[in-house]
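Below, in structure tokens: the form predicted alone, a single chain.
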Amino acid sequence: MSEQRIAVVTGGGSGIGRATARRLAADGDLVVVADVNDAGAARVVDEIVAAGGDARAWHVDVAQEDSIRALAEGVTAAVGMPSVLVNSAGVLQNLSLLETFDLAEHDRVWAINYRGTYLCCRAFAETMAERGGGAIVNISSTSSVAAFPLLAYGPGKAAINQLTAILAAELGPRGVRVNAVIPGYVLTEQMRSRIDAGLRDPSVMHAQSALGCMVRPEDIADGIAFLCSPAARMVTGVALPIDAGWLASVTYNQYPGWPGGKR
């Protein structure tokens, strides 16, 4: 019988993190649901346990280095060395222009989305290497490879793509694989609240994708589970789009004069 894996999912209390925690637990992992939202993390643990899985809730604020260090040390001491890390903690950003975008908000988005991912990788990579290997999956975005009016979010996600490739090269010789997923428009709680507030138009998001729909958090979780699995043992340094064909469709449909376009 194979040893049970220990998987840490930051931002596991909601959205993509919640779906990923549930999926990894269903696959047999002991999942540490780490989140700044303690109530959200506890609810996800209850869901996992009710479904017959094994999970622990853990407080972490990925904007704080001491909190990340406490997570890594505490998990290792309490349940063992993790072999899977999913960096799902993050925040969205509303559309903005250069001259009106608040610098404090810019710095907050970078501190959580990029710096938090970087610090989590640093905190867990050495432990994974010591135990003989592991898998890290970071969360990127289609805004990392296309221009959106998201002055902090997009550049931060592009930096995550570069970080993923760099760490894959650095950690690969020690048995640690590092990949990322590039979600398209995902119908998370955060996205739904923006739709309800009139800040995002779901009809536009549907029309821009090749499959004519938004992506579910569970769809992202399926991709993450694959990247963490032995089936992906030769996959590292990859940023995998899971976007309902948005990246393919959005340029194809805008080609001037092409009758197949949606303009």
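A quick note: this is a predicted structure, and the numbers were derived from the prediction, not measured. Residue numbers run from 1 along the displayed sequence.
Although it is not shown, the form predicted in complex with a small molecule is what the next lines describe.
*Asks:* Run the contact test on 13, 88 and 188 with a 4.5 Å heavy atom cut-off to the small molecule in the predicted complex and return yes or no.
*Replies:* Checked in the predicted complex: all three residues contact the small molecule.
*Asks:* Which one, 123 to 131, 170 to 178, 97 to 105, 150 to 158, holds residues whose non-hydrogen atoms are within 4.5 Å of the small molecule in the predicted complex?
*Replies:* Stretch with heavy atoms near the partner: 150 to 158.
*Asks:* For residue 29, is any heavy atom within 4.5 Å of the small molecule in the predicted complex, or not?
*Replies:* No, residue 29 stays farther than 4.5 Å from the small molecule in the predicted complex.
*Asks:* Decide whether residue 119 counts as a contact residue for the small molecule in the predicted complex under a heavy atom distance cut-off of 4.5 Å.
*Replies:* Result no; residue 119 lies far from the small molecule in the predicted complex.
*Asks:* Using 4.5 Å between non-hydrogen atoms, is residue 60 touching the small molecule in the predicted complex?
*Replies:* Yes, residue 60 sits close enough to the small molecule in the predicted complex that at least one of its heavy atoms falls within 4.5 Å.
*Asks:* Should residue 83 be counted as a contact of the small molecule in the predicted complex, where contact means heavy atoms within 4.5 Å?
*Replies:* Judged by the heavy-atom cut-off of 4.5 Å, residue 83 is well away from the small molecule in the predicted complex.
*Asks:* Only one of 36, 238, 45, 225 comes within 4.5 Å of the small molecule in the predicted complex by heavy atoms, so just point that one out.
*Replies:* Spelling it out, the residue with a heavy atom inside the cut-off is 36.
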